[in-house]
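One chain comes next, on its own, written out as structure tokens in the form predicted on its own.
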């Protein structure tokens, strides 16, 4: 009996040593390939912002470069934090982000027809961007430890559904239909990765389609106009359809190899709107052609592949669901933005990750990569259901 107890405590001590890594060990295990990818993608974005300002580092490229530098520091700090700490404070982070969304209603700064930002003087914080990461953290915590039979019970989904709908409703009220839809899509991806059956998604999808006539009545006039313009942009070429038509013209004029750096006529003659934010991919394609656009897409594809591989490698459910949810979040950023500039979806305010100009988006995406690296570093850590210890 004493011999078995001694063996148990020896095994327990070995497990603790394997799960408690020093800072130096964590730094050695950082996936530097992900940081190189983030640097390459951000470098392309800074170059395009330099071109958008007609060869000037101000006002966009210099600020984006500083934000990238701050983002690298955030990435490294997030990466080395024990994943059990992220588990333990996942709900707290979510409620802080939710409180910021509520604060937007009272302290928010308006811009482009919506009230989405909180002015912190140093940076204008957009809480909806922070919520994209906080929501995945909270849902990963919620689904951790649930067996498939637990997830199959409808009552077990009440809490994750409430966690999803609360921020989506607040973002929709700003109003920001695009970000609200993205929150719902990211949440749906997490639900799927956690093991929710496909037939439940089918039921929700059918119900959503049936509610379209009712939901249409609650849309604002400009939102209705965006949908109608998406269906027929030529109907108002100088008004609501201007953005989409000019984007298509710029994409087509780039051809295979593009017109050359800072030689894009649509962007530099100011035909292309919001070239530094929503339509920066269009400017890239005009100046570097289809080849330039494909190179950027390949870099994104490698980044997403790393994210999926990290999720599959994690030995704890929290890390696996977290990594997959964050990877889906990045995918939706890329897909929606590029589909938008090509006229495949209505125009919504979703930036191209690490490329479009924007402080909150840049910092939250760098934090996203930091969380992916944290899952990778702590891939063999076992997390108990409460996250207060380890499982052996």
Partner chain sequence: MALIHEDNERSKTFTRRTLLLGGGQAVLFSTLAARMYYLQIIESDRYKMLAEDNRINLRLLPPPRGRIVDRYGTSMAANQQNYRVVLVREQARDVGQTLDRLARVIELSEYDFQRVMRDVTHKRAFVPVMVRDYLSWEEVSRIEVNAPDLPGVNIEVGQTRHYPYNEQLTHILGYVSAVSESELTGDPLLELPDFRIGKQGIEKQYDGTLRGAAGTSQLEVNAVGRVIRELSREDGNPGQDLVLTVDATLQTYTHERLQAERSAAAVVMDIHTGDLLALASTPGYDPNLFNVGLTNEVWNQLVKDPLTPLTNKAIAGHYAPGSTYKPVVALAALESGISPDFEVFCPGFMKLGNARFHCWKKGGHGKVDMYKATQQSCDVYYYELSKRVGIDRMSAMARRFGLGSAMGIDLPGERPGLIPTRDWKLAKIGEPWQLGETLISAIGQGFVLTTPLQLAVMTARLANGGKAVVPRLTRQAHAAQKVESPDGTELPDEFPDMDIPSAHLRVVQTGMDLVTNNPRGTAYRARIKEKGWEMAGKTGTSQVRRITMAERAAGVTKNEDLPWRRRDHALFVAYAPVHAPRYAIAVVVEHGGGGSKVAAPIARDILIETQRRDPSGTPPIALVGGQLVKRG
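Positions refer to the first chain, counted from 1. Source: prediction; values computed, not measured.
This next part talks about the form predicted in complex with the partner chain, which is not shown.
Under a 4.5 angstroms non-hydrogen atom cutoff, the partner chain in the predicted bound form lacks residue 157 among its neighbouring residues. In the predicted bound form, none of the heavy atoms of residue 88 sits within 4.5 Å of a heavy atom of the partner chain.
Although the partner is absent here, residue 57 sits far enough away that none of its heavy atoms falls within 4.5 Å of the partner chain in the predicted bound form. Taking the partner from elsewhere, residue 197 is found to have a heavy atom lying within 4.5 Å of the partner chain in the predicted bound form. Heavy atoms within 4.5 Å of the partner chain in the predicted bound form are found in one stretch of 320-328, 42-50, 63-71, 28-36, which is 320-328. Contact with the partner chain in the predicted bound form, judged by any heavy atom within 4.5 Å, is made by just one of 189, 93, 262, 76: 189. For the residues 297, 165, 207, 103, the 4.5 Å heavy atom test against the partner chain in the predicted bound form is passed only by 297. Contacts between stretch 147-176 and the partner chain, counted in the predicted bound form as any heavy atom lying within 4.5 Å, involve 147, 148, 149, listed in sequence order.
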